[in-house]
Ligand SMILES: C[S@@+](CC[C@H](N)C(=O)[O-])C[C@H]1O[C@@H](n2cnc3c(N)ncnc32)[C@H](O)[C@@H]1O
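First, one chain by itself in structure tokens, the form predicted on its own.
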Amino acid sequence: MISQERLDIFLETLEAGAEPIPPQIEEEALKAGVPVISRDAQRLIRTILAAQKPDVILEIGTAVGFSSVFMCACSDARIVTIENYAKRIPVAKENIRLAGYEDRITLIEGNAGEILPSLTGPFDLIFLDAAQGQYIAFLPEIRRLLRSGGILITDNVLMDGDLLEPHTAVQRRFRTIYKRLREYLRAIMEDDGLVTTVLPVSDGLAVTVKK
């Protein structure tokens, strides 16, 4: 079994030319207990961006702006990102300013469920990294906004492995999220208009292409 920690250290020695991101953005996020996309997820997303060369990206779930800044550093895309948690919005704005991407990242404040219907798109790539229990509710609008040939990347789809367990093995307080995530994965896997693979990257990354 390959240790993920050892693999990350090894790969980082090979990535001297990786896109620079102000290190304090990640450091401050981790200090505050705000998760950011893992190193292995970063590598996969960087490769997808290099292959697809998106012009416009939609991100659902800004948090502190790390992933928006990362995707800007890896591409020439413009990014529209949505965040509902008021305490994180000023931090995200400051991190975007610090990275120098204010002209390419538009942060929309509010509930994604209310904002998505107002967007026109189409978007070349959509990165979904918000409240997992809302993924299935967002899916119809995401599908509408994603262009044909576009890519949907969904983070955190395996619930730290809990999604692989039977319903009865999951703590009662997490069962609604468990049920909705399973419903979401079935929806994107069984839709004839979508091609999806779920990868054991980070806490599970689903990569979906709209036909």
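Heads up: residue numbers just count along the shown sequence, starting at 1. Everything numeric in this text was worked out from a predicted model, so none of it was measured.
What comes next is about the form predicted together with this ligand, which is not displayed.
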Answer key, this ligand contact in the model of the complex at 4.5 Å (heavy atoms) among A92, I82, C72, L125: the residue is I82
TL;DR on 134 to 142, 99 to 107, 117 to 125, 72 to 80: the one with heavy atoms within 4.5 Å of this ligand in the model of the complex is 134 to 142
Next on the checklist: Quick check on M159: any heavy atom within 4.5 Å of this ligand in the model of the complex?
Outcome noted: no
With the partner left out here, check for me: in the model of the complex, does some heavy atom of F66 sit within 4.5 Å of this ligand? yes
How about G149 - does it come within 4.5 Å of this ligand in the model of the complex, if we only consider non-hydrogen atoms? no
query: Any chance V36 has a heavy atom within 4.5 Å of this ligand in the model of the complex?
result: yes
Restricting to 92 to 112, the residues within 4.5 Å of this ligand in the model of the complex through any heavy atom are G110, N111, A112
